[in-house]
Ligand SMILES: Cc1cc2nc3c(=O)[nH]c(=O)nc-3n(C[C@H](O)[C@H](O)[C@H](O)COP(=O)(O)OP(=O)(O)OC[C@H]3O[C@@H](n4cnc5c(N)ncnc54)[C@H](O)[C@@H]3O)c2cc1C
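As structure tokens, one chain now follows by itself in the form predicted alone.
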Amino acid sequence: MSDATTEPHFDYDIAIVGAGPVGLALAGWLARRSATSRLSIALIDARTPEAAATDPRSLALSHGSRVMLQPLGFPADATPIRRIHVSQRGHFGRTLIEHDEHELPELGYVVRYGSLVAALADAVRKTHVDWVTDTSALPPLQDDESVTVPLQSASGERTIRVRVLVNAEGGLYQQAPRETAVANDRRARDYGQTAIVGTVSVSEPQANVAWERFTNEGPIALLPCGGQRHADYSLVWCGSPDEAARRMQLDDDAFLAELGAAFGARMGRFTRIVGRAAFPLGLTALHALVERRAVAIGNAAQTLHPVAGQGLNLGLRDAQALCDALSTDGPRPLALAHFAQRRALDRRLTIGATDTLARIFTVDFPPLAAMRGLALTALEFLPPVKTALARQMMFGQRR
């Protein structure tokens, strides 16, 4: 007969599924904060760190994210952003956001996904985190005291029992494609846009300047990513699915000519494009981040339109707030409740602002275009409003 007072067995206090930037940051922060309490932490991912480190995608990080990540490590090849130029094609109105207006060394940074993962992976390897690679986590089972997570790898299947499960991957609870899912547990929107991404070169670059150019189809973003080669920019060109499909079939010269016509001649001619790819755009945001002893952060909690580059920054703030809660209250439901409460305002403001920008600038209605132009221009004459918006994008709401 078993002893009812026997302490139940746990393989780990906390299991984090997903070793992208958000999952790695959480693992690193938790390990540093729990140096005395020695929380046992597992980090689980289907890929190896080496595979992720070769990913060439560009990411936009705010200055606030740089401050958070600095104790763990930050890529040496990050390209600073010191000015952001926002305008709308075919209509008046523009606003400039300058780093020295906010007494900051930079507004943000453009980093290669692989470089960021490599820097954070080096930090995690120096901790007591148990990193389980080449392993997929299957949908978990919960009871009042624990979460049981089935794991699948080339060597077979096994399960682990943990006190708290963190989904930082994005796919663990997604049970239907975005096009068909209208789930009660999440907010979803199909923007009817497709983003073409790649790296472009220009003939007249402006160092450390990021561009957000709104068109009737969607925004065009150009982020400086060349490091020493200042002529290179990371492109995100949002448009209708049909137009995006047609543009993907163009040869490089024809594609660059259309991009130049849409963006304008502010940086001369577009001279090169590499790494062209396309993906559909939509909003998915969970209403509740916590379900008993399981919690979602980053892309598992919300996927945003790329306008204003807020997705990763919001996810990193999720991870830091969760680290604070687990470090203070331990791996218990109370910690997850405190985390969800703390994240409510920041998520609401950031998701709402991104969703509004993604939709309002695509409405081809002349009076509304004039109002958008007035709003952009007015920001230049209302410094407190401009500062509040910029601070939200750079730092969010942390309390």
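Counting begins at 1, following the sequence as shown. All of these numbers come straight from a predicted model, not from anything done at the bench.
If you look for the form predicted in complex with this ligand, you will not find it shown, but the lines that follow are about it.
- Against this ligand in the predicted bound form, the set Y12, P140 and V147 makes no contact: no member has a heavy atom within 4.5 Å.
- Judged by heavy atoms within 4.5 Å of this ligand in the predicted bound form, the contact stretch among the candidates 201-209, 263-271, 67-75, 127-135 is 127-135.
- Within 4.5 Å of some heavy atom of this ligand in the predicted bound form lies at least one heavy atom of A60.
- This ligand in the predicted bound form is not approached by G114, whose heavy atoms all lie more than 4.5 angstroms from it.
- Among heavy atoms of R348, none comes within 4.5 Å of this ligand in the predicted bound form.
- Taking the partner from the other structure, this ligand in the predicted bound form has no heavy atom within 4.5 Å of any heavy atom of R32.
- Checking V236, C323, A121, L259 for any heavy atom within 4.5 Å of this ligand in the predicted bound form turns up a single hit: V236.
- Of the listed positions (V197, I84, I160, A294), a single one reaches within 4.5 angstroms of this ligand by any non-hydrogen atom in the predicted bound form, namely V197.
- Residues of 303-328 that come within 4.5 Å of this ligand in the predicted bound form, judged by any heavy atom, are P306, G309, Q310, G311, L312, N313 in sequence order.
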